[in-house]
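A lone chain, given as C-alpha cells: the form predicted on its own.
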Amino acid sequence: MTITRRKFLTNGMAGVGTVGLASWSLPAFAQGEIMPKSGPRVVVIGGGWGGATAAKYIRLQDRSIEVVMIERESVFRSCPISNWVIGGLKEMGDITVSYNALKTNHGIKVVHDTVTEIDPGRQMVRISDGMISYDRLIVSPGITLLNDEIDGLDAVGRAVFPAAWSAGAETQQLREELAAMPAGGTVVLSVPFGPYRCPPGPYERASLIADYLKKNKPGSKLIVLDSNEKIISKGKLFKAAWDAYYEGIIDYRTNNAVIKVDASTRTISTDFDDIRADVGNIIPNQRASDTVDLAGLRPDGRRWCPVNPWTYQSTIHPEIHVVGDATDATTVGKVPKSGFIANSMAKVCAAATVALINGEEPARPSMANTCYSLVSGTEGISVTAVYDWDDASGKMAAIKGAKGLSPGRFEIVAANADDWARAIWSDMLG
C-alpha cells in the first residue's frame, strides 16, 4: 500500500483540527492524521537491513499488528555487495530488490516518503501528507556522513569525491570513473575513524579496486589513506592478499586521516601529504542518521543511540526501538555495524515488540553475524560470531568457541558470499 497526497486530501482532512498541533509546524493541508488506527500498530522508519527485517518479522509473528514502513527509496539497494559493483563484478540491478513482496506476502503498508518530525509524547510521526500514529516505533535509519569534518567536502567536493557508502548513484559514479580513468592513473580511497558502517568494507573495496586496476589499468596505483593505526577488520587476511596480489598497486598508509579536499584541483590532503587523485573516494567519519535527532534519541556529544539490547528499546524513549547501524555499541556490546547484525537486531526487536504489545515478557536475545569480503575477483575471506546475553555486563557478548576467521582466502568463500547475499535479501524482503 502506497499513501499518496491525493488519498490524504480526499480521506484525511476530516482529522484536521481534532488533534492538538502546538508542536507541529507544517502547512494547514498537512495537519491531519492519515491512516487512522483500527488496532495495534507499529511504525518502522527505514526499509534497509534492520527496518525491512523488523517489519516482516512482526507480521510473521502476529498478523493482528498493523505494520507501516516508511522508506524514502522506491527500491532496496544493498550496501553489502555494492563493492562488487564498483569493482566491475556486478551491476546495480544485481543488488536491487523490490519492496513488493513485503506488501503482497505480508500485508505491510509501505509508504515511500521522508519522516520530518517525531513526537514521542503523542506517539506520532509526520510525513509530507500528515501524521501517522503508532503504538510502538522502530527506527532503523542508518548513518549520517560527517562531511563537514573535512574542509572542502561540501556539495561540490562530494560531487568530485563521492563516498559511495550507501548503495546508489555514487556507487555507479565511482564504477564509471574507474572505467574512464586512463592507465597509469592514481586512485585515492580514505578510511574513516571507527566505529563506522561495515568495518571491513573499505578494505574489501580497496582489494576490488586494486584487482580492477591490475586487470584493466596497467601502471595505475591505489593510495589507501587510513585514519586508523591498522586495518581494523580481518587485517592479517587482507594484508596477506595485498602482499600476494597487489604489490606495487596498493600504497597503504596508516594514521592518515583526510583533513581537506580541493575539488578544483582534485587534491586530497592529510597532515602529511597533498595528493592529486584521478579518482577519489572519500569516506568520512559517521554517526547515527539525523532522523534519530527528531526524537532526541542520540544524546548530546554522542555519535550513536543508547539502547537496551534485550529489546532494543531506546534508553531515552522506551516506546521507541532503535536497530542497526544507529545503535551505540557501548550499550549493545562488542558487535560490528554490519548488515547481518542489523538483521539479527531486527529479529530480536520484532519479537520483543510483539511481546510488549501483547503484554508479555520479551524472550532472552541471541544474535549471529557473518561477514564476507572479497580480496580479489575470485577469492573471499570471512568472519563469523554468535552472540548471547551476558548477565554480568547486561550486554550481548560473543560466545566462546562460536566465533572466528576463515583460515585463508578461498574461492568457495567468495561463492558463499554471493549465496549468502541472495538468501538474506530473501529473508528480509521475500
Ligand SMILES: Cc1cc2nc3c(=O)[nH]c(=O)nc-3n(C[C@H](O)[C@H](O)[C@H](O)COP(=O)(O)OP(=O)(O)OC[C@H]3O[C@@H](n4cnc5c(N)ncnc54)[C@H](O)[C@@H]3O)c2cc1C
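From 1 onward, residues are counted along the sequence shown. The model shown is predicted, which means the values in this text are computed figures rather than measured ones.
Absent from the display: the form predicted together with this ligand. The rest refers to it.
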For this session: Sort through E177, E170, D113, D211 and report the residue having a heavy atom within 4.5 Å of this ligand in the predicted complex.
Result: D113
Seminar exercise, completed: Partner-free chain; cross-checking this ligand in the predicted complex, the single residue of I45, I381, M396, V42 with a heavy atom within 4.5 Å is I45
For this session: Tell me, yes or no, whether P195 is in contact with this ligand in the predicted complex, where a contact means a heavy atom of each within 4.5 Å.
Result: no
Exercise. Would S82 count as touching this ligand in the predicted complex under a 4.5 Å heavy atom rule?
Worked result: yes
Problem set entry | Contact of Y372 with this ligand in the predicted complex (heavy atom, 4.5 Å) | yes
Exercise. Would R298 sit within 4.5 Å of this ligand in the predicted complex, counting heavy atoms only?
Worked result: no
For this session: From the candidate stretches 356 to 364, 268 to 276, 211 to 219, 323 to 331, select the single one in contact with this ligand in the predicted complex, where contact means a heavy atom within 4.5 Å.
Result: 323 to 331
Exercise. Taking S140, S289 and G339 as the candidate spot, are all three within 4.5 angstroms of this ligand in the predicted complex by heavy atoms?
Worked result: yes
Exercise. Going through 402 to 430 from first to last, which residues have a non-hydrogen atom within 4.5 Å of this ligand in the predicted complex?
Worked result: W420
